[in-house]
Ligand code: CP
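The chain below stands alone, shown as structure tokens; this is the form predicted on its own.
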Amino acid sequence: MSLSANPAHFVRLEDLSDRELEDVLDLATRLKRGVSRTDLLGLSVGLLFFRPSLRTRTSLEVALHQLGGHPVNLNAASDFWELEARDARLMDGVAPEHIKDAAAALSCYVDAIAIRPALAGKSWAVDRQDEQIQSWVQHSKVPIINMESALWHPLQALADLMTLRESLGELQGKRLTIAWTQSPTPSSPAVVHSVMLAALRSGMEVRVAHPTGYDLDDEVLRQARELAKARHTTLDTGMDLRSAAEGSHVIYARSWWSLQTYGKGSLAAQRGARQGTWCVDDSVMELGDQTRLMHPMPIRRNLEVTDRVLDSKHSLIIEQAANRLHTQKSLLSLLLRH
């Protein structure tokens, strides 16, 4: 990865080659052990949040400070305004500025731009295009870093890979269960998409447990099946929770929207209320092979996962959060130090 006239963007984990991914994780491990670097001395990174953030915002700001860089933190709700992503539009709506112009201006001030784009929330066919993040990639003269779009959360996937390696060692042949969980505030499938592909890329056997109607994105699943075949591993989807948990080394709990009812609030609520209990408790964990628990947070205790599991020695949720700092420092260093 190098900075050039055509900057290297980080929109999904697949933007890193296998060698680059190994370099990021290797450096992250050394940084976690206490290696000090100032690779970003004199550099600034704009952090643009169109949605709330806790761990992503904090870990990126601290990462930049520790590398000698400077974060420029902007919130759409208070610091700027809605931006138009579509080209050749008559801009007579709510957006007073096009991403084309905002990207050109910010490229004059900062050395990279990290973005958490807004989701319209009306149509999955529209939101899955990740139109905003792609517009920034098209028009920016500096690297764009995706802080979670509709389809992808590559920063979380990096930290999760580091956590999986620390806990399991060699990942080839290990079993990961991604388990849908009950929540009144489900998220996009971005985390699940990214973690699923990251695990398959590492040779893990992946199972996805979810109720009927909560299938992941069709195109992402197609990519996942091709990747499983290429890496000589397996992907099973649509399983029930207990069957998927049997023999698993890690259960990754996460709530996500039904893409069938996406944008249909009342219908989605009705479907969610009918799903029964999808909670990771001791009885689920005991089905696995010394099973670890992962979740990207925020997490609704005793609804998605019980207190006993979250606070047990098998829970890796704090390690995941901690590794966000180290993997993001490593990524920023390798992306920008040239």
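Note that residue numbering begins at 1 and tracks the sequence as displayed. These figures come from a predicted structure and were not determined experimentally.
Keep in mind that the form predicted in complex with the named molecule is not shown, yet the notes after this line are about it.
Colleague: Out of the stretches listed (292-300, 279-287, 37-45, 22-30), which one is close to the named molecule in the predicted bound form, meaning heavy atoms within 4.5 Å?
Modeller: Selected range: 292-300.
Colleague: Please run the contact check for Gln66 against the named molecule in the predicted bound form: heavy atoms, 4.5 angstroms, yes or no?
Modeller: It does not: once the named molecule is placed as it appears in the predicted bound form, Gln66 has no heavy atom within 4.5 Å of it.
Colleague: Can any non-hydrogen atom of Arg324 be found within 4.5 angstroms of the named molecule in the predicted bound form?
Modeller: Output for Arg324 is yes: heavy atoms within 4.5 Å of the named molecule.
Colleague: Taking heavy atoms only, is Gln156 within 4.5 angstroms of the named molecule in the predicted bound form?
Modeller: Yes, Gln156 sits close enough to the named molecule in the predicted bound form that at least one of its heavy atoms falls within 4.5 Å.
Colleague: Does the named molecule come within 4.5 Å of any heavy atom of Ser53 in the predicted bound form?
Modeller: The answer is yes: Ser53 has a heavy atom within 4.5 Å of the named molecule.
Colleague: Identify which of Arg207, Arg116, His210, His193 has a heavy atom within 4.5 Å of the named molecule in the predicted bound form; exactly one of them does.
Modeller: It is Arg116.
Colleague: Though the partner is not shown here, which residues of 126-145 have a heavy atom within 4.5 Å of the named molecule in the predicted bound form?
Modeller: Residues within 4.5 Å: none in this stretch.
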